[in-house]
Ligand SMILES: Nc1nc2c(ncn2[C@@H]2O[C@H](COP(=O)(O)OP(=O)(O)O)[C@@H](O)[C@H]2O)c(=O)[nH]1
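Given next, in structure tokens, is a single chain: the form predicted on its own.
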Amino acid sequence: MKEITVAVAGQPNVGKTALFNLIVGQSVEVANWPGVTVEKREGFREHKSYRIRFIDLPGTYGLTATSIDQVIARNFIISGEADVILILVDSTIPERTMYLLLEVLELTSKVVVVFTKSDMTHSAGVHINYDLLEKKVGAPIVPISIKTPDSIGSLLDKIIEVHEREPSKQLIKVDYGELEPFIRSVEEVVRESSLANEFPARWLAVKLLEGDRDLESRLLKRGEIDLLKKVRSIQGEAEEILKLTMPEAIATKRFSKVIEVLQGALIIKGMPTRGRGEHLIALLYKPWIGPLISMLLVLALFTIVFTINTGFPLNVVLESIGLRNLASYIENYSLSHLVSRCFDYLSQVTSSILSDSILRSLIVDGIINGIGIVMTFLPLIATISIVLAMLEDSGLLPVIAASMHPFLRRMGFSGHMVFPIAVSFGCNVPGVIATRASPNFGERVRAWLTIAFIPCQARLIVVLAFATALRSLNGLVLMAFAYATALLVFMAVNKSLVIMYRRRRLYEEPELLLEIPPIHAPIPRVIWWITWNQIKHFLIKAATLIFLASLASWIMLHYTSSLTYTDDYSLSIGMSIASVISPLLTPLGFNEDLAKSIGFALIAGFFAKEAVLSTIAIIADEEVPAKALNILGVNDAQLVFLTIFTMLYVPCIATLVAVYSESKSFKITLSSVALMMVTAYAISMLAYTVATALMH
């Protein structure tokens, strides 16, 4: 097993020892540093294919040592013995604890930064844009709280990532202003020194100009006395001209650089006292009233978000009370529908320009449609991100999570999952993305595996069409039964997974460990940070995969198994796959051709649930899906099967892409597919059997 040596460094009181103990657990070796009585602590942690050796260095404020402890820390850092240097910064006072980080980054790029006490920042009125800060310092940043240690895995990943990559020659550069001419002069001198082979020339020049005793001692021991005299001459000249001591001048510039790096990435705002809205918040902690108020608040926000984006569920409510024109207006002018209309228009224009060919089909049905799907999701992701950011920054989200925690705990979830579950009723994609709010990895895994059982809006449209086609059963009864079945399956499967994990001793009770700051008005810039990070994450990771999946669906529907282009779906790869799965549908009484056609429609629904209806309409040559089902001869018991199966099987390829994007695991993604497919088929066959018995 390969080994990595990691030096753990930081100023005193940044939480270094607590983090060291959290990482290595009981595997600690205690000795003394050679030649001194200062305690040396080493610990080990295995991760992936590495054995990582952590060395807990004494606390030090910088690389200019003034005590034995600081000499030890400084010498180990500059020795090159460590493969990676872990620098700790106190996230509640970053402007005071980033000095050491800046000095080390002038020396090496093999650095991972840990912002400790991240659970305390919100209450302290400190807001940090870690993504922006990471770009500015040029090193990976991992915020960590000792109370929620799930991010340790991410920290270990970053250590391995930094170790495996080539060292960057582009180190952080501090502008020392009026000192720059003197630094360049010393740099020219030290290039002739043997030390230039061990350290970056600029770092060496700055430290010698600063009067670093250790480096001066090394020059003397190597007989480079004349070189040292030149450096001291330049140092004296600088102090004479600037009327400042070099350590003072250099330290001032470094602190200025810290402020510059933090500018735009740090907001510190005083928090209100706990008195504001305290009586209202107290209601949310009451056993029955609290969860009810929280759920109503979440549902209200959910209704607003999805009404703006899709018209749902307000359009359904308005239509049910006879206001069909208003319902249609709200749906037609929703953000997603407007985006969809733009891409429909683009498709029409492109189709009119290009002649009927494979190229036109690829551009219109493949590329434009793929980009359209991504852009249709974008307003929804953005709106949900804004709402979540407002709830999080205002302090309301932790309160709602705490209120709902006792209820969700019965399903094996913590209060962190309240919003992912609620959002999934509108769309599973943002629901999956929202699971990152949970610090418990096991909880996130179960959510990735099961959250798609929650029926989204797209499935409502399909189920509504199936219910309309019923002859001997009230459609509303079937819809209510389908929704109840989906929710019961979601809860039952989660319970089953919890029981299975407990038997294997893999289950970790999801606790609600979060900071509950005073309720306050959200800060616009912080909302923008959170929202932009979510949108960027979606565009870079999920959107790319969704687009590629859309192209794959075009290939599946337009190419034969011999890889020749076809406009006849019955000859496509999709229909070939449908012929393989059609035996699973023959027990329902479908003949071979109808079983293949229905199977093909279900495969199309894998890419987008609405495609189930459009495919059935194409097969039956009838625009109205309910009539198309009747033309094909689908009976009521078979409709019950299709309704439950559509409600439970894979919602869409975009959801699977979101699962993979969040989990970064093909195993988890494929497990979710297998779990949904097997569960959907088993429950649907049971429903079909019961429906057949009742209808005869």
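Residue numbers run from 1 along the displayed sequence. As the structure is a computational prediction, the values presented were derived from the model and not from experiment.
Absent from the display: the form predicted in complex with the ligand. The rest refers to it.
The shortest heavy atom separation between residue 146 and the ligand in the predicted bound form is within 4.5 Å. The closest non-hydrogen atom of residue 120 lies within 4.5 Å of the ligand in the predicted bound form. Proximity of residue 676 to the ligand in the predicted bound form falls outside the 4.5 Å heavy atom cutoff. Among heavy atoms of residue 526, some come within 4.5 Å of the ligand in the predicted bound form.
Looking at 329-337, 517-525, 422-430, 554-562, the stretch with residues near the ligand in the predicted bound form, meaning non-hydrogen atoms within 4.5 angstroms, turns out to be 517-525. Within 4.5 Å of the ligand in the predicted bound form, a heavy atom is found for none of 97, 103 and 534. In the predicted bound form, the residues of 1-34 lying within 4.5 Å of the ligand by at least one heavy atom are, in order, 11, 12, 13, 14, 15, 16, 17, 18.
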